[in-house]
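Single chain ahead, by itself, as structure tokens, in the form predicted on its own.
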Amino acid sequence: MRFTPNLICNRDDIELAKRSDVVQGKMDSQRIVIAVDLDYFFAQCEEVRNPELKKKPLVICVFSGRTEISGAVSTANYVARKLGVRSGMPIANAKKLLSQNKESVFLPVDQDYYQTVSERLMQTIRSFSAIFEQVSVDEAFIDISAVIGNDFEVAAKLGKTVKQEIYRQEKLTCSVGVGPNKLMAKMAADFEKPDGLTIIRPNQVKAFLKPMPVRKLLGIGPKHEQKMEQLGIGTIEDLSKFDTGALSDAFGKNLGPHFKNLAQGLDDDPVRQRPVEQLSRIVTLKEDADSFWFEEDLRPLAADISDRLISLGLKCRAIGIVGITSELKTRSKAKTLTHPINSSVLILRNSAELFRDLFSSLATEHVRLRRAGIRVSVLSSEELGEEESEEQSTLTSFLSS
């Protein structure tokens, strides 16, 4: 665990926190939840990969392929945002907004690269608490109640430590919120961006929510906001005081009271572990490849994926490979395995076969790969398959001979 000395937490505290009876006891009383939200994640990953992009308007795009400017903006750095670029807007509109800025950069989404960075980040965040929930590629919650009780001073220090550790490891900033539940922790993380740290104690919840427009409340969409305006509800405070029966009539017997609870800062949704669906790693090759000569470059990727699977107690039933061409196009292949595995040897062996097949199928296209990656999926906690069991038995015999 990564705690600074003045956080008054030691390894015994953490091991105690992992006991289900202790965790449940703390959750039944006062909770403290930390929300971690990576700032403009895709664009920031590109800035880390190429620091020269930091001072330029940078737009990450989902190109449709119809034309050079068709598609939508995935995200943008804050330089581009200040010039009006927003997620979801057509790429053509973003280019018009930035037409006078000759340094503007438009890049395609590099999902495999971002996923690889995300998996490392989530491992770091997970290391701070036994109760962890990944919400998306760039957001997560941890419940630290079992570790520190209801001490928000220590929670604030821990939130700062999380930020420092993420920056130390990945050179990425994040916004962190600390609150008495997931709702308030998330709203705290959204309150100050980028690189923010906001703490909302239980006695500060009402004052924090009171002046905010109702659209700022998580779960309130444009249609909900429009209907609330018709009811005379403009702020979160208005919603918190509104008649419950009238809200039920307007939004339904479940959703109406739910909105009122949220407006009062109430949220009993626990931080819960979600199943890991896939793991991937990707590497930039020493030089562009038109044949499969880079098996040794894949070995660390296979080893890293294997270590991660083993640490999670998982095996995979499917392996895929991805190649990014010199023209930044994606080529991929995948296969379903007969038995679940988590051996780095078998992951590498299957990946190598897929890359050989890929190059064979691309022989007439003269394609060169700039980046290569491995992805495993269909994850489960099943027992080792026959193939892997036989290999491990052979390795054991070799090591003991």
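From 1 onward, residues are counted along the sequence shown. All values derive from a computational prediction rather than experimental measurement.
The form predicted together with the DNA is left out here; the points below concern that form.
This chain is drawn without the DNA; in the predicted complex, the residue among G234, G84, P300, P90 with a heavy atom within 4.5 Å of it is P90.
This chain lacks the partner; the member of S240, Q204, T161, S280 within 4.5 angstroms of the DNA in the predicted complex by a non-hydrogen atom is S280. By the criterion of a heavy atom within 4.5 Å, S99 is excluded from the residues contacting the DNA in the predicted complex. By the criterion of a heavy atom within 4.5 Å, R370 is counted among the residues contacting the DNA in the predicted complex. Using a 4.5 angstroms limit between non-hydrogen atoms, K335 touches the DNA in the predicted complex. Heavy atoms of D138 reach within 4.5 Å of the DNA in the predicted complex, making it an interface residue. The stretch among 173-181, 124-132, 144-152, 282-290 whose residues place heavy atoms within 4.5 Å of the DNA in the predicted complex is 282-290. Within 4.5 angstroms of the DNA in the predicted complex, the stretch 303-321 places a non-hydrogen atom from each of R308, R317, taken in sequence order. Between G71 and A372, the Cα spacing is smaller in the predicted complex than in the shown form, differing by no less than 3 Å. In contrast to the form presented, in the predicted complex the C-alpha positions of L285 and C61 draw closer by 3 Å or more.
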